[in-house]
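Form predicted on its own, single chain, as structure tokens, below.
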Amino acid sequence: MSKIQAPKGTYDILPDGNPKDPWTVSANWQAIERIAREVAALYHFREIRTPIYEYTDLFHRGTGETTDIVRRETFTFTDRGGDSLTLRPEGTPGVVRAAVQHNLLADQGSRLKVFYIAPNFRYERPQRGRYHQHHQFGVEAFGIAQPEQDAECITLQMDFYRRCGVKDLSLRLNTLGDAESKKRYRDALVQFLEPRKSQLSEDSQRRLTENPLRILDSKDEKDVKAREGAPAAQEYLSEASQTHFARVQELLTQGSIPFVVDSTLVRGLDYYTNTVWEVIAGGLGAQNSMGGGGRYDNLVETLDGKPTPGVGFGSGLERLLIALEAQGVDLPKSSPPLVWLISLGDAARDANLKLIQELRQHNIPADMDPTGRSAKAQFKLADREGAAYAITVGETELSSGNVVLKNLKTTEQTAIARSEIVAHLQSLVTK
């Protein structure tokens, strides 16, 4: 009988992982999640956690019936009660549902700024950094229609990447206009592409009637050629949308955040209006998108809430880890050094069991081997577990009231009074 394996399109995150696959190393996840939480707090975004599955109708209404995600990438099943449920393919609809359900946006002038770090699920061909289960850091801001909120979300995302150490970032920016502008542009695009329908890919021929803006985002060579000379969304903007987009650009310029306006950028979700953006990283080849977002001023109302403006982004964390690896960036690790206790005899083991608890109570990571192995075997284990220091206790130390502290990197060792070892280690591990 063959061993049970993780399902296709999933992977395990392990203490050491596979160095060739940086998204399998738990320390890497701890580092980027810590940075995400820190930067979210700096911008006053608070954490929200929603279920990993929702009623299917939420994503049909929220993400959009015509999106590729809903049409062919969702994991949908019927539960024993006959309800259709879907594993979360993207974060925004669930956050909106929670905000509406718990009346977080019910009061006049309500505003809400939240972030999440969560797995999403999409049924697409698994490839490096793109799995059936993948993870996102995302933020959503509700209640502020002004372009200042767009700029803050973009700045937060760029700040997150900067703090992680990503190099060679490029911000692509576009606007789809408000709902009326978007409709005018959609009609103009269909009029332009209809005579060229036979030149489009099979997917884009379908999109021409269902979601024509997605044709602009297609990488298929047929579609790239067929849309040459297509009108740009900016040509159909209302005066309010023009003013909004101009202000977003002005704010980013003031914040020294370079960007490129890309009229083909639409993103893959039906609910976007006005500002949309995408961040790419150099040196990654075709799969260079780090994440992106946009404004969605009609989504809350679509999902049964009061009309409330919103804007946010999602950042794929597997893609981020791949970018850092490709660029040779080592994530900052925040865990303090490990102290390993070496016991020479039963009495020393009992003394170390007391010491280890004292160290942990003072927030000093510590471990030991209680099985009675030789000193050589214990030191070998300490080295294998990545300990920075070793404390040795034997009969001599018990008699003298001292312990022997050894720096396992430099091999320097010192006798220190047992009563002073905790304070001494605190001064070492906090340097």
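Everything quoted here is computed from the prediction, not taken from an experiment. Residues carry their position along the shown sequence, with the first being 1.
A second form of this protein, the form predicted together with a small molecule, is not displayed here; the remarks below concern that form.
- In the predicted bound form, the small molecule sits beyond 4.5 Å of every heavy atom of Asp297.
- Looking at Ile48, you'd find every heavy atom of it more than 4.5 angstroms from the small molecule in the predicted bound form.
- Though the partner is left out of this view, Gly292 does reach within 4.5 Å of the small molecule in the predicted bound form, counting heavy atoms only.
- Taking the partner from elsewhere, Pro309 is found to have every heavy atom lying beyond 4.5 Å of the small molecule in the predicted bound form.
- Of the candidate stretches 269-277, 79-87, 356-364, 215-223, only 269-277 contains residues with a heavy atom within 4.5 Å of the small molecule in the predicted bound form.
- Not one of Arg61, Leu105 and Asp178 places a heavy atom within 4.5 Å of the small molecule in the predicted bound form.
- This chain appears without its partner; in the predicted bound form, the one residue of Thr92, Ser241, Ser204, Ser343 with a heavy atom within 4.5 Å of the small molecule is Thr92.
- For the options Lys167, Lys183, Arg111, Arg130, the one in contact with the small molecule in the predicted bound form, meaning a heavy atom within 4.5 Å, is Arg130.
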